[in-house]
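Here you get one chain, nothing else, as structure tokens; it is the form predicted on its own.
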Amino acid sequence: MDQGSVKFDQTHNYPMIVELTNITKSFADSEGGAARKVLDQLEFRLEGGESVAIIGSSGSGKSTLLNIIGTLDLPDTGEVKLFGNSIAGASEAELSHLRSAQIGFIFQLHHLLPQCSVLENVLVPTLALEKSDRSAAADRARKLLKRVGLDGQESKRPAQLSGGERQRVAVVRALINQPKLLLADEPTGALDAENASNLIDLLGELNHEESVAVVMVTHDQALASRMSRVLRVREGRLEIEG
């Protein structure tokens, strides 16, 4: 496969899965000064199957925005709707179930458990499932590992894999519960240029084949341009880039 050959699915005949309205978020100054507003009446919409890159300067609020979309953080004001439902008033248990069932996360560091095998790491998000569902998940894990070129690596420990291979394991772990939304925070930040391009190829293929929506925070403009939309966080709001 030629690097950069995969294009993300730009078909938009899917239900709206993320709706952010008038989102504001501030953080207290570490030195006791006035709170710093990171997001200011931000608006964002994402349809199922879309792919979006979020770019911006360091400290602009990119990761904060991703955390709010993924319910890892809550806005000070504004409304968050996921899959057509407002999360206002939802308990932490309800949000945890939503994250587990519908959202996959990929971070710059893979956060694999060093004492567990590749297969065991992939299956961690399924531990809360019923026993019959876990059995089906194991079959899906093996198929996905084969899909990303890790067939036969199921019993290896993370230390026995390359950086690119460990990140591919993290991608499979994020997909194991068949989420409708995949959130990636600088997923290529710890990879060299070739492995970074290969990972974006993989996300593009999965976006197309599994119809999973992708929101990726990145500092790399070239990688961002491979998504169907590129948005920049500027002064707390989102602007269309290019």
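Nothing here was measured: the structure is a model prediction, and the numbers come from that model. Each residue number is its position in the shown sequence, starting from 1.
Although it is not shown, the form predicted in complex with a small molecule is what the next lines describe.
Enquirer: Thinking of the small molecule in the predicted complex, which stretch from 57-65, 201-209, 43-51, 172-180 has heavy atoms inside 4.5 Å of it?
Expert: Contact criterion met by 57-65 only.
Enquirer: Do Ala193 and the small molecule share at least one heavy atom pair within 4.5 Å in the predicted complex?
Expert: No, Ala193 stays farther than 4.5 Å from the small molecule in the predicted complex.
Enquirer: Ala35 versus the small molecule, in the predicted complex: is there a non-hydrogen atom within 4.5 Å?
Expert: No, no contact at 4.5 Å.
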